[in-house]
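The chain below stands alone and is given as structure tokens, in the form predicted alone.
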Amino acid sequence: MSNYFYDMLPAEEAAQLKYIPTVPEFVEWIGKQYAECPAISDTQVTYSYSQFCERIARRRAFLKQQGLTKGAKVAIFDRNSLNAVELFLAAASSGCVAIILPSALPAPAVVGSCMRFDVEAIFVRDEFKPLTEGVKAKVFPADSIADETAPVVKVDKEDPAAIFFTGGTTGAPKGVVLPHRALMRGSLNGVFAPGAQLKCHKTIGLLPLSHVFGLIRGTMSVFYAGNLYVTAEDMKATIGKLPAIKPTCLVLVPGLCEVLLGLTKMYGANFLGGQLKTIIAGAANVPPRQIEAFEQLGISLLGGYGMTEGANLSSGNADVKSRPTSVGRLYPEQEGKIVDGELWIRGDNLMTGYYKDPENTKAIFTEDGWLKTGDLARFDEDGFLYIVGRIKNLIILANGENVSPEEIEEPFYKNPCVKDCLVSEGEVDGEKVIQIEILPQMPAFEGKPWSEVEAFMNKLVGEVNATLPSTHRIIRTVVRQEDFKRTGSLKVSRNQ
């Protein structure tokens, strides 16, 4: 086992950490390990770990009273609230399978999701109640809780703990079934970062709990380390309260990192609260310029790699200064290898499969347990991983050669004047060519005419082209004045 991650922590903290393979064991452990430490807050009320786990036990009792026993599919339709967090842990520690529905789902999708995943009960926020009309499952208020408590239910580490939505490696929506072992391995992986991590951080749950990154690294890892989690039912409003909340660590996507950088330019570095030391970013590649910008504010921006099928956290990078484009090294007890340019991973962080979808499950797994990620990647001589593109995004040239658009985009993201870019297949005079759309970082061009912005970007394209094989060069350049269409995690959508 590599000591790379354990060596990041103080020796006494590394000695305390252990892999807990199931959620029921985890809930009991944090209740005892961190009993009197503050666990969760909505800024109005704060519960210690002992109080938090007692409330989870009362939620378990409510589930039991409704006949929701081991194996039952329980959906949670709420914002990032105290209720949602407690319900998730109550369901998983009752042996039920928890499914957190995205808060933006329209009524037909709510009904369809409940049918698709055989949901027996759905816990709903009051404002979302009208969207559940037509749902065949039992419907309960999200604040449902019993007066009595119920013990955790013994489960096997291979039993399903949760189902998450994903596009998978083919783009078609699927339900990823994460067993307890995978959910908990990902949660432990999220604890690792340079310096002290246990009982010393305050984190805000800004990312949706329905997203595996928000639930595992943004929430479960916080509890694993005995830290304080602050709920964020309204992300925009909560960002405005950063100066008052004073977080020490945030879990974000690069799009939100960009928002925070913009706000610090408007209001000063103290807008972030003055105590923020670490940002963990994921769900998209972290631009090196963001790493540099936060470094100037005294904040470490750390990236990594993961996918829903791998419980989100497969690798982490604590060496962003020397390797800003790497997603780091593989976490303990996980394996990775490159096969025909594609990254394959194996370990106890992997899903058991897609829900009721044996065909796609078989397609992504090899017979000996390797998961084919669909990501083009490489390892350097020190074991650091680099993601260079997605197989499904490859551009096929006229000569049959494959071009990864992400590889061409990478040097542009190193330039502080580029906010975002997108390389794709275009057409000039009836011929297929490689094209790029560039969204400038406009504050860098303040006071300058648009013609100078375009001239700068065209010059940059020429400089990048000079480093590329002739077949890979960009022929058509578009400098955008409007933002790209983006995904729910604020990534640039490749379907513009």
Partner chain sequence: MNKEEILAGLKEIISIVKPKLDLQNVTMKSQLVSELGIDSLSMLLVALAVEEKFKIKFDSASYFNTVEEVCDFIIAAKK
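Numbering follows the first chain given and starts at 1. Between two forms, the rigid core is the largest collection of C-alphas that superpose within 1.5 Å. The model shown is predicted, which means the values in this text are computed figures rather than measured ones.
Unshown form predicted together with its partner chain; subsequent notes refer to it.
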Thinking of Val111, Asp118 and Gly341 as the candidate spot, does its partner chain come within 4.5 Å of a heavy atom on all of them in the predicted bound form? no
Check your understanding: Is Arg473 close enough to its partner chain in the predicted bound form to count, meaning some heavy atom within 4.5 Å?
Key -> yes
(message) Please determine whether Lys138 contacts its partner chain in the predicted bound form, using a 4.5 Å cut-off between heavy atoms.
(response) no
Item to complete: Mark Gly430 yes when one of its heavy atoms lies within 4.5 Å of a heavy atom of its partner chain in the predicted bound form, and no otherwise.
Response: yes
Find out whether any non-hydrogen atom of Gly195 is located within 4.5 angstroms of its partner chain in the predicted bound form, and reply yes or no. no
Its partner chain in the predicted bound form has a heavy atom of only one listed residue within 4.5 Å, and of Asn465, Gln66, Ser41, Gln51 that residue is Asn465
Students should find that, of Leu256, Ala293, Leu131, Cys417, the residue having a non-hydrogen atom no more than 4.5 angstroms from its partner chain in the predicted bound form is Leu256
Answer among 263-271, 186-194, 385-393, 214-222 for heavy atoms within 4.5 Å of its partner chain in the predicted bound form: the stretch 263-271
Across 215-243, the residues having a non-hydrogen atom within 4.5 Å of its partner chain in the predicted bound form turn out to be Met235, Lys236, Ile239, Gly240
* Asked: Comparing between the shown form and the other one on the rigid core: C-alpha of Gly426 shifted by 2 Å or more?
  -> yes
Align on the rigid core first; then say whether the Cα of Ala466 has moved by at least 2 Å between the shown form and the other one. yes
Evidently the Cα separation of Pro287 and Ile434 changes by 3 Å or more in the predicted bound form, so the atoms lie closer
Quick read on Gly426 and Thr325 CA atoms in the predicted bound form, 3 Å or more from the shown distance, and they're closer
